[in-house]
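Listed next as C-alpha cells is one chain, alone, in the form predicted alone.
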C-alpha cells in the first residue's frame, strides 16, 4: 500500500509541477534534434515550467496517439505540435483551446500567408504557426549545363522530364504510398489552378473537385514521369530519403524536396554541384504552388492549465524562438521576422533563403478539412503506383473519395 501511495504521489507531482507549486506544462512534440526542447526551456518562467514529451516519428501515428488521448479528455496534454493536415480535424472535434482574438491577429500578421492559412479553421486561427517548410526544385548544375536548360527561368514538369529523359538523368520525387505522395498530387493540382475539395465546412458533404481539368493535368505529369526514362527505379517506393540518394547518384538530375535536404550533403554539396529553383509549374504560363508543411502549436481544450498553455503560445512561436528551433533542427521559421534572425541568415545562402520565403508566401497547404486523413488515404489508394495513373485516375479517385466519406468503402 505504501508503495502504491508513493506511486500516486509521484504521478500527481508529475502532473501538477514541482514541490514549489509551479505548474508544469507538458508539450507533446514531433521528433527533432532538440529544437523544441530548447524552446521549451527558453519559455519556462517563474509562473510555469514547460517540458516536452516526444510523439512517434510517423505523422499519422502522432495524430492517432494525440486523438485517442484527447477523445478521452486527457488533462495531461497541455500543448501539442500538430502537422497542418490534421489541424482542422482537431479543431472541428473541439480538442483545441480557443486562442484570444488579439493573439490570433498577432500570429496572422507575423506568419507567412500559407502558414496562417494552414492554421485556420472555421475562420479562427486555432494553432500558432511555429515552423514552416516548403519544397523547391533542386538540380545538379553539371546536368543542366549538359542538357542546355536555362534554370534562371521558370520551368514546367514536362520540361524537366523531357530534359532528364533525353540526357540519361533521373528525377527524384516522393511517390511511395504515403502522405508525401498526397503532398505531390495536391501541389500539382493546385499548380493547375484546381483544388482537391471545396466547401469543406460541410464536413463529409464537401464538394470533391479532383475530377477536373486540374486533376487531369496532375495525372499527366505523374504518368509522363512514370513512363519516361527519367523515372528512378524506385519511384513507387520513393520518399524524402530515397529521393536524396537518387539525386546524389551519378544519374541524379532533378529533385523536389523540403528545405532541410540542403543539410544532407554536408559542406561539399556534391562538389558544389547543387543548384535550386522554384518548384516546377504544372502548366506552362501558370505560377507553381509549392507544397506547404510545418508545425503549428495548439493548446489542449482539456488541459488543467489551459489559460497558461494558451499564454505560452506567444513565447513558443516568437520569431526569436522560431530561430532557435531553426538553428538546431533546420526546420525553418513560419514568419519573415524569424528568417531575419542572425542565426537563420547563416544557415543557407542568401538567395536560397529568399527562394524559401517566396515559396512559402505562395505555397498551397493541403485541403483544410476534418476528413483529410480519409481523403488522403483515398488518393493514395487510387493514384498509386504512379505507373497506373492515367486520364481516368481523377474520376476514379473522386468516386472513391466520395464512397469513403459516405461510408460505402473502407480504406
Partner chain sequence: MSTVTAPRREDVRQAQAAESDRTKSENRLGLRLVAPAVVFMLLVTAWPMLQALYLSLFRYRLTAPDDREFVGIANYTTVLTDRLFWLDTWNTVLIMVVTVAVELVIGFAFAMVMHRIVFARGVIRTSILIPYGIITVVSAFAWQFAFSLNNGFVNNWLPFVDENFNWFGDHWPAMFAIMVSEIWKTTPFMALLLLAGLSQVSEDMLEAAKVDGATWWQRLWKVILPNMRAAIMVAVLFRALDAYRIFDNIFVMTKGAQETESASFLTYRQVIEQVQLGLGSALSVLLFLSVLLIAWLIVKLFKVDLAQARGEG
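Numbering follows the first chain given and starts at 1. Just so we're clear, the structure is a prediction, and the values are computed from it rather than from any experiment.
What comes next is about the form predicted in complex with its partner chain, which does not appear here.
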| property | result |
| --- | --- |
| Option touching its partner chain, based on a heavy atom within 4.5 Å in the model of the complex, out of 343, 33, 61, 51 | 61 |
| Single option in 220, 89, 179, 311 placed near its partner chain in the model of the complex, where near means a heavy atom within 4.5 Å | 89 |
| Candidate stretches 103 to 111, 90 to 98, 331 to 339, 267 to 275, one within 4.5 Å of its partner chain in the model of the complex by heavy atom | 90 to 98 |
| Three-residue site 55, 306 and 361 fully in contact with its partner chain in the model of the complex at 4.5 Å by heavy atom | no |
| In the model of the complex, residue 67 touching its partner chain (heavy atom, 4.5 Å) | yes |
| In the model of the complex, residue 234 touching its partner chain (heavy atom, 4.5 Å) | yes |
| Residue 315: touches its partner chain in the model of the complex, heavy atom cutoff 4.5 angstroms | no |
| Interface membership of residue 348, its partner chain in the model of the complex, 4.5 Å heavy atom rule | no |
| Residues of stretch 274 to 304 in contact with its partner chain in the model of the complex (4.5 Å, non-hydrogen atom) | none |
